[in-house]
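Take a look at this single chain in structure tokens; it is the form predicted on its own.
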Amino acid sequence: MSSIQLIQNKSFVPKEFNRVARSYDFATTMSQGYQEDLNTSAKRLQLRGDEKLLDLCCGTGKSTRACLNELPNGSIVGVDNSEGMLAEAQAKFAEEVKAGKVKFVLKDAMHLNFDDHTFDVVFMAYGLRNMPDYEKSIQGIHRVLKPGGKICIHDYSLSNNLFSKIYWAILGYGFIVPFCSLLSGSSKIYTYLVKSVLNFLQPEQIKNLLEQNGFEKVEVQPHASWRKPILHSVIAVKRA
């Protein structure tokens, strides 16, 4: 399946992530600031520290690590639809899983079967962009969040100007695709990544999507340095 076909049918994306799961952490480590950006988004949630958090599309658990830093007395349920990525996360957090601090679940983020009002917080890093239906995904998140609960969408979302698109295309096709393909032996998922960002919502559109589906106090915050035009935290509160 080509990257264009993945854009057209995102249900196959988790299987492609299975192919690169073992090399994924190393590839992202080579991306300057990757973990630090996740840490920043988690800090921006301004948590009390005792919340129950849903780490949606948790992958190998780098977002889980960022959220754990903010939850000394809380707990995390990590959800992903890639068996390979979850296997990496399970191994990485074996002690936290044993202690009941973290639980990982293989599940489709488009079809969450948790009870209503289960979680205090939802953290979704690099995940909404991979959903076949953005609005349906947000509605599902809204349902499982408690009234007054918080959501953070951490994702590549290009600012509304030509520079951002050109900048991302050069970065994506000039660095991400060739470098990560060399590391993983597969170019398909990384080519899809670049194209999916070019087709994704702008920051203001994510804000509007949240406001139209039961969220308020929406804040769009760019990240620092060279990521400023392309990477944002969008944080909102479920209306009580």
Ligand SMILES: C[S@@+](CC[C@H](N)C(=O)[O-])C[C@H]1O[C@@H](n2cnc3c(N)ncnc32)[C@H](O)[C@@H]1O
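Since the structure is predicted, the reported quantities are computational estimates derived from the model, not experimental observations. From 1 onward, residues are counted along the sequence shown.
Just so it is clear, the following notes concern the form predicted in complex with the named molecule, a form of the same protein that is not shown.
Judged by heavy atoms within 4.5 Å of the named molecule in the predicted bound form, the contact stretch among the candidates 141-149, 159-167, 70-78, 101-109 is 101-109.
Under a 4.5 angstroms non-hydrogen atom cutoff, the named molecule in the predicted bound form has residue 34 among its neighbouring residues. The named molecule is not drawn, but in the predicted bound form it has no heavy atom within 4.5 Å of residue 229.
Using a 4.5 Å cutoff between non-hydrogen atoms, residue 54 does not count as a contact of the named molecule in the predicted bound form. Interface membership of residue 42, defined by any non-hydrogen atom within 4.5 Å of the named molecule in the predicted bound form, is ruled out.
Residue-level contacts in the predicted bound form: of 197, 177, 38, 206, one residue has a heavy atom within 4.5 Å of the named molecule, and it is 38. Shown here without its partner, the chain carries 47, 122 and 153, none of which come within 4.5 Å of the named molecule in the predicted bound form through any heavy atom. Shown without its partner, the chain has 57, 58, 59, 62, 63, 80, 81, 82, 85 in segment 50-86 as residues with a non-hydrogen atom within 4.5 angstroms of the named molecule in the predicted bound form.
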